[in-house]
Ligand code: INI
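One chain follows as structure tokens, the form predicted on its own.
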């Protein structure tokens, strides 16, 4: 049985982060948690690039643009969609979720989903550094793990398993 190494080492990796300005206070807390976690795991500040977009619905387009550059080992998406009194919440949540899935499928770049979908502001705050932790940190951990796992999964059967350090993904010059 072939098993793949799990690594949380972010050194030598580059990350694009897309953040929604809508619900800015919550998004900022998610971003702070995300960048703090990436740096804690060894990512350099110069290897973390942030793109702000107007709202959550615009996140997939920016994530696609970043993923297509080939400069990033993973992209993290952050924002908050809070339920209101209309069906708008459902449409935005579906659009963001489906859009991010399409970007991952079309580009083969890992996209970590850190977009909160909550019933109210209190739930969002709880998940953005409150009693429920910081989902930005969780998205950062997922991005690092998937960026390390991808090259291992690309190894042909019977070859030596790629180690968790030193991604083999082709990168554009820094």
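Fair warning: this is a prediction, and the values are worked out from it, not measured in the lab. Residue numbers count along the first chain shown, from 1.
The same protein also exists as the form predicted in complex with the ligand; that form is not shown, yet it is the one meant from here on.
The ligand is not drawn, but in the predicted bound form it has no heavy atom within 4.5 Å of residue 113. Using a 4.5 angstroms threshold between heavy atoms, residue 82 counts as touching the ligand in the predicted bound form.
Residue 71 falls outside the set of residues with a heavy atom inside 4.5 Å of the ligand in the predicted bound form. At the 4.5 Å threshold, heavy atoms of residue 42 stay clear of the ligand in the predicted bound form, well away from it. Comment: the ligand is not present in this chain, but in the predicted bound form one of 145, 47, 58, 138 has a heavy atom within 4.5 Å of it, namely 58. Exactly one of the stretches 61-69, 28-36, 129-137, 47-55 approaches the ligand in the predicted bound form with heavy atoms within 4.5 Å, and it is 47-55.
Residues are counted as partner-facing when one of their heavy atoms sits within 4.5 Å of the ligand in the predicted bound form; in 14-35 these are 20, 22, 23, in sequence order.
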